[in-house]
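Okay, here we've got a single chain as structure tokens, the form predicted on its own, with questions on binding and movement later.
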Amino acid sequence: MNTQEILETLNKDGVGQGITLFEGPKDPALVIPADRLVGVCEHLKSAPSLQFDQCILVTGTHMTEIRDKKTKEVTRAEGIEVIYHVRSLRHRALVALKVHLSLEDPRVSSVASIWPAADWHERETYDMVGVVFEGHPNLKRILLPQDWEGFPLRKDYEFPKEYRGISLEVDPPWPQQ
């Protein structure tokens, strides 16, 4: 089952509204409107013809990729994109899901209640990119201290020179005699 067939199944089942197929330079993906994510994911998991029972990755990027329908050229736009990789063990299928979010307020509903493995992945995406997963059972930093400021995987992130009085400079200057 490939990505196009999964989209056709979603359309046939009546849950494909607003979902588009992204055929990028690497892997194809389904682009899902943020407000429809949970409903689509619940269907991906529960529909007998799909049975996507395993979430293997949730990550975020500080850009979105858009394919021009006429020229087929892929361009990158300012924004946050959350990418989910989910697998159907029964059907031996893997699909990538993309959700485009605004840079100013990147929020999307959590899928941790659908796939418990998404819990830590969403926390890492929150920690590194700043995506707020609404309804997450324990959304707090997982890799960095709770009082860390900023999100290191954003392009506008400025790495601090120190944290709690400890120098974070990679090559600090040698002490002067």
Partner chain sequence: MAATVEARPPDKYVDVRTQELQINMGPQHPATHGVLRVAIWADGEIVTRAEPDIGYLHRCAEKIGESVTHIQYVPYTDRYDYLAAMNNNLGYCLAVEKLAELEIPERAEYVRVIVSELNRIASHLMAIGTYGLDLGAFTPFFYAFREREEILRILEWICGARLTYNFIRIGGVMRDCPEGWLEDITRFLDYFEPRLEEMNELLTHNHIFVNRTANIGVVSLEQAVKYGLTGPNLRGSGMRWDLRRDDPYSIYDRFEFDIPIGTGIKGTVGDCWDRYWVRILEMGESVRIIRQALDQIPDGEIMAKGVRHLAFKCKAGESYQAVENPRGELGYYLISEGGQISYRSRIRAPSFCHLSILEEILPGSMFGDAVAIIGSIDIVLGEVDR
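Heads up, when I say rigid core I mean the largest set of C-alphas that superpose within 1.5 Å between the two forms. Residue numbers count along the first chain shown, from 1. Fair warning: this is a prediction, and the values are worked out from it, not measured in the lab.
There is another form of this protein, the form predicted in complex with its partner chain, and it is not shown here; the text below is about that form.
Is its partner chain in the predicted complex near all of V58, H85 and M128, within 4.5 Å of a heavy atom of each? Each of the three qualifies.
Quick one: does I19 come within 4.5 Å of its partner chain in the predicted complex, counting heavy atoms only? I19 lies outside the contact set for its partner chain.
Residue-level question: is R76 within 4.5 Å of its partner chain in the predicted complex, judged on heavy atoms? Yes, R76 is a contact residue.
Within a 4.5 Å heavy atom cut-off, is E124 in contact with its partner chain in the predicted complex? Flag for E124 set to yes.
Any non-hydrogen atom of M63 within 4.5 angstroms of its partner chain in the predicted complex: Looking in the predicted complex, residue contacts with its partner chain include M63, since a heavy atom lies within 4.5 Å.
Could you work out which of V31, A34, I142, A47 is the residue within 4.5 angstroms of its partner chain in the predicted complex, going by heavy atoms? Partner contact (heavy atom, 4.5 Å) among the options: I142.
Compare the position of the CA of A77 between the shown form and the other one after a rigid core fit and state whether the shift reaches 2 Å. Yes, shifts by 2 Å or more.
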